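The form predicted on its own is given below as one chain in structure tokens.
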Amino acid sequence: MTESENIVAETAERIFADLADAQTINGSKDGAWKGPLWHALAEAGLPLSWVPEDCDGSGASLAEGFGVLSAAGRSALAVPLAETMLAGWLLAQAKIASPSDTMTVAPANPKDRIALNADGTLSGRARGVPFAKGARFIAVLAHGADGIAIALVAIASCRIDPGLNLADDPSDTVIFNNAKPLVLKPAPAGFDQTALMLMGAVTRSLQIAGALESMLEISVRYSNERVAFEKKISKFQAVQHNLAKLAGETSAALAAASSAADAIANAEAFDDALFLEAAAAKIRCAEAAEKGAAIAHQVHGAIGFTQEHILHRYSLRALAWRDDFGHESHWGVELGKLVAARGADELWPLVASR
């Protein structure tokens, strides 16, 4: 990580430590912490990290933005920072200026399609759109007769069917009923919905890996505090074995997510090699989320399931993030299709090149 990447990530971590402390948020019933947190993030330019300065953004690099996402995952952040960053990145592909307010992105499911009508309006349904209900704008990738377009749409012009994910964060269905975009431009050549899904998959992979880091830290600390049969449970071989497995899952997720993020940050196009990195990262991080959450809760016992304990803030979000922008089964099938299409002789060179 370069010095500038360190500075951006450290800025995010300081804001999260000051205004997004897990225990404070966990005890909050009115969500009053969200306003000051978002104000601080906006003042630092983090929500528009991936938006160039000529599109009213911060002009940070992809790598710097990925560092922010890792920090957000370690804080199990429950505000649309990642979604606004992703929306800004999508709008920037078509040189559309980003508004200085909360955004989300659609579609968030590989099987959903938004249609661009002949009159320039949008129609269709996008399921599982994170934080749609609380956002002000939505960046949309739409399919029209002349190709793919990118649009900035006011949430007020759409119908929102509220929903919740496992962590009780908004995961809504957005219905476009001839919605008129505020801005509409064609997507650049070669850019398609798969590229958006891959970027979203890596975003969620980094957040999952960050959450696993926190789950490991919390579990190790708890094992050194909890006493059973007159000794700390960290002294029991079974607990040590579980913590070692949790550390292994965390390391695997970090390696996969970081490698995919590095590939995107240095790639010129969303080619097969990048597809392999991003799809593999989402598959591995989703698997690590399932196994890691189970281990962390097993170490904590019943206390980890209570609303009063912070562990569920991390475990439930890591599990919920598995489904966004394609779950592991989807990417497993798509990765299999890619390998089959390239042929047996191309498999090893593709894998070995990463």
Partner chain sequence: MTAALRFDPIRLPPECEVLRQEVRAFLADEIAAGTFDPHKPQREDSDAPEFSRRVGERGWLGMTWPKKYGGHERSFLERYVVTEEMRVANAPTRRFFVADRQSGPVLLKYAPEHIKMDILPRICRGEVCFSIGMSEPNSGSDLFAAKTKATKTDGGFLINGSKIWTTSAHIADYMIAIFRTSPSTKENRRHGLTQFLVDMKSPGIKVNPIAQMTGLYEFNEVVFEDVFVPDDHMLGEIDGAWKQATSELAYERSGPERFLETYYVLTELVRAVGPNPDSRGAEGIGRLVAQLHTMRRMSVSVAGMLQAGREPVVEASIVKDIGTIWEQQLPHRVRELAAFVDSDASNHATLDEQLAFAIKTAPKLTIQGGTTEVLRGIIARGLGLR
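Residue numbers count along the first chain shown, from 1. Bear in mind the structure is a predicted one, so any value in this text is a computation, not a measurement.
Below: the form predicted together with its partner chain, not depicted.
- Contact with its partner chain, judged by heavy atoms within 4.5 Å in the predicted bound form, is confined among 81-89, 243-251, 135-143, 119-127 to 243-251.
- Taken together, P36, A154 and D161 are entirely out of contact with its partner chain in the predicted bound form: none brings a heavy atom within 4.5 Å.
- Contact check for L184: no non-hydrogen atom falls within 4.5 Å of its partner chain in the predicted bound form.
- Although the partner is absent here, D323 lies well away from its partner chain in the predicted bound form, with no heavy atom inside 4.5 Å.
- Mapping the unseen interface onto this chain, A167 falls outside it, with no heavy atom inside 4.5 Å of its partner chain in the predicted bound form.
- Contact check for I283: a heavy atom falls within 4.5 Å of its partner chain in the predicted bound form.
- The single contact residue among V227, V220, A267, I175, judged by any heavy atom lying within 4.5 Å of its partner chain in the predicted bound form, is V220.
- Out of the listed residues A9, A22, L19, V339, V339 is the one that sits within 4.5 Å of its partner chain in the predicted bound form by at least one heavy atom.
- In the predicted bound form, L254, A255, A256, S258, S259, D262, A263, L276, E277, A280, I283, R284, E287 are the residues of 254-287 with at least one heavy atom within 4.5 Å of its partner chain, listed from first to last.
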